[in-house]
Ligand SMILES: Nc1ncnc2c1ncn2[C@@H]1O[C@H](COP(=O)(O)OP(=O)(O)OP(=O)(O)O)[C@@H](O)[C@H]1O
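Just the one chain here, the form predicted on its own, laid out as structure tokens.
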């Protein structure tokens, strides 16, 4: 895998001793005839993580989930579950061991239309070999938690799309799996149902590994600790939702000022970005001076029509200059900036940390991944530090 970007934030999960790997994907790939659907999918995941799998249509998300679930054989690479390796040559006995540990909610929530909700859940529980007592207790709790108890005796064929989705989620949880793979789990739900399912996913994620594929970017910060972004069958980003959102505001400052006022990091980095409002505009020499302050990676003026300038806080009214300042990781640039402004007799009206927009960042990242075939920087969380992965 490509070396970790200098701008990628450190997390507790980066330390292998902090949380041992539950699932390891090593270069997983799948080819359909002459079409390479997924290439070099490599990442490590631990119990207690909720990971969002993002990407445009055709990116390879569903194919990746099917390989991880053991329902589709990989043509390249291998999967490891707590040290046991599975590849395209795995026996049925091996795959059965894998499936006992994994719950999978497929795209479209397929159900048996001729069975009732209760019969469907009991059928799945029987296939997993659950005893009658365990089956009754677990299914009753699942139906209550997902609000499908009133429909227990209805045929699945007459359920609405939202209730079909919730029944399929209950089926994926009947055997109490360690890993839960969810393909569009909130598709078809109304806003109240979405909030309930999201809360349930967060609750389940305390003791399990959950990987969620979704097109609803607004739900990613609500339920996910980490984000994987795919495009053209390749993995191009692996970090927190906050780091992904931050690239939307660091994009312009890092890309636009690399040769003049600092920068030094790639445009896909996730450096903290600050909106700075001063009493007057700065000359190029003054901008260069600010770029050398402790904790400052780059700085660039904001044009009057820029979104950042338009979104200024209503509590701050200034006729001065607005600038973007990219800070260095784990360093606060504000004390040095305040001292510099005092020395230069320039009033510092505002210095606000910009959180970024995850939707804007996603569009920017996917566009780069489609146009740029070379690997993009990703958070280093790999089985082997020297392993390279295309993205």
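Residue numbers count along the first chain shown, from 1. Predicted model, so just to flag it, every value in this text is computed and none were measured.
Keep in mind the form predicted in complex with the ligand is missing from the figure; the text below concerns it.
Stretch from 337 to 345, 31 to 39, 321 to 329, 352 to 360 whose residues place a heavy atom within 4.5 Å of the ligand in the model of the complex: Heavy atoms within 4.5 Å of the ligand in the model of the complex occur in 31 to 39.
Among the candidates 242, 107, 225, 286, the residue which, in the model of the complex, approaches the ligand to within 4.5 Å (heavy atoms): Result of the distance check: 107.
Partner-contacting position among 202, 292, 99, 215 - heavy atom within 4.5 Å of the ligand in the model of the complex: Checking each option against the ligand in the model of the complex, the one that comes within 4.5 Å is 215.
Exercise: residue 60 in contact with the ligand in the model of the complex, heavy atom 4.5 Å: Yes.
Contact test in the model of the complex: residue 48 vs the ligand, heavy atoms, 4.5 Å: It does not: once the ligand is placed as it appears in the model of the complex, residue 48 has no heavy atom within 4.5 Å of it.
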